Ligand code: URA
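One chain follows as structure tokens, the form predicted on its own.
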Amino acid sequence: MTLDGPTFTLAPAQLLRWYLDAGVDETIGDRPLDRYASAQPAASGLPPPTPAFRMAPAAAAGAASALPPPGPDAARVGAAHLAAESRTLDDLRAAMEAYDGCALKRTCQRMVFADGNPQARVMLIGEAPGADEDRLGLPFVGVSGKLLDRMLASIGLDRSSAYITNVVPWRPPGNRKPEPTEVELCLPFIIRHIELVAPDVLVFLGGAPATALLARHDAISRMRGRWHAYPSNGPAGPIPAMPTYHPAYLLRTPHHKREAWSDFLSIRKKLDSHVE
């Protein structure tokens, strides 16, 4: 088929993408080919016919990037497999960076893995990164992060004696809450994260991480202030977990700071009484 009009020259990768967008799923030469004859053993000793279309390496890379993301079931299985195969925190970070099953990865600037000391006795877990965290690649670095630092300092801790991360490592667009399916896809990673750090005490900052990791649907106001047993598979067994208010919530509702202060005093007491 010929088209009248100006002639355009496309690079192989651009041409391939144009074909894919147009719905082309098979390449056909400009001359008919007898498939029955080509299936017979060659008796003439001549080399086999040259394919009508051969994909250049750059075009092959373009085709790979044009493939759709895995479906929900495959994404869940993939996350669980990658998490289970991670033997160190570096392995886990690399596995999460390679994971393509969560659509949030394609809308954020970078993955937010963790901050602080992985050898610390206390591990704090939030919900998901915000704009500042997405920009810098570290959890709790914005205004709420500064409040969290003051809360830690009030019980003698800082980022060298605590470890901080989120359930979801990629920022949702517009700082919206992660969808339940997005949280589900990220659960194997945060569960493995906890296993590798093996803290003495867990602190869930807000209702979202408490709901995801304790499988409870009570309001944070009902869960906070008392200890729960996080069902860890580590050698030490269940880990004491304290849900408390998220620092961003405390900035909006400062009258709850008194309750958060009580929760952090309880955390300090638990750390002091824990036999290492």
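Quick note: we count residues from 1 along the sequence shown, nothing fancier. Just so you know, these numbers come straight off a predicted model, no measurement behind them.
The protein also exists as the form predicted together with the named molecule; that form is not presented, and the subsequent description refers to it.
### Message
Looking at heavy atoms inside 4.5 Å, which stretch does the named molecule contact in the predicted complex, given the options 138 to 146, 84 to 92, 188 to 196, 97 to 105?
### Response
In the other structure, the partner sits against 138 to 146.
### Message
in the predicted complex, does R224 come within 4.5 Å of the named molecule, counting heavy atoms only?
### Response
The answer is no: R224 has no heavy atom within 4.5 Å of the named molecule.
### Query
Do G126 and the named molecule share at least one heavy atom pair within 4.5 Å in the predicted complex?
Taking the distances in the predicted complex, the answer for G126 is yes, it comes within 4.5 Å of the named molecule.
### Query
Does G130 reach the named molecule in the predicted complex if we count a contact as any heavy atom within 4.5 Å?
G130 belongs to the contact set for the named molecule.
### Contact set, 159 to 175 vs the named molecule in the predicted complex - heavy atom within 4.5 angstroms
Stretch hits: a single one, N166.
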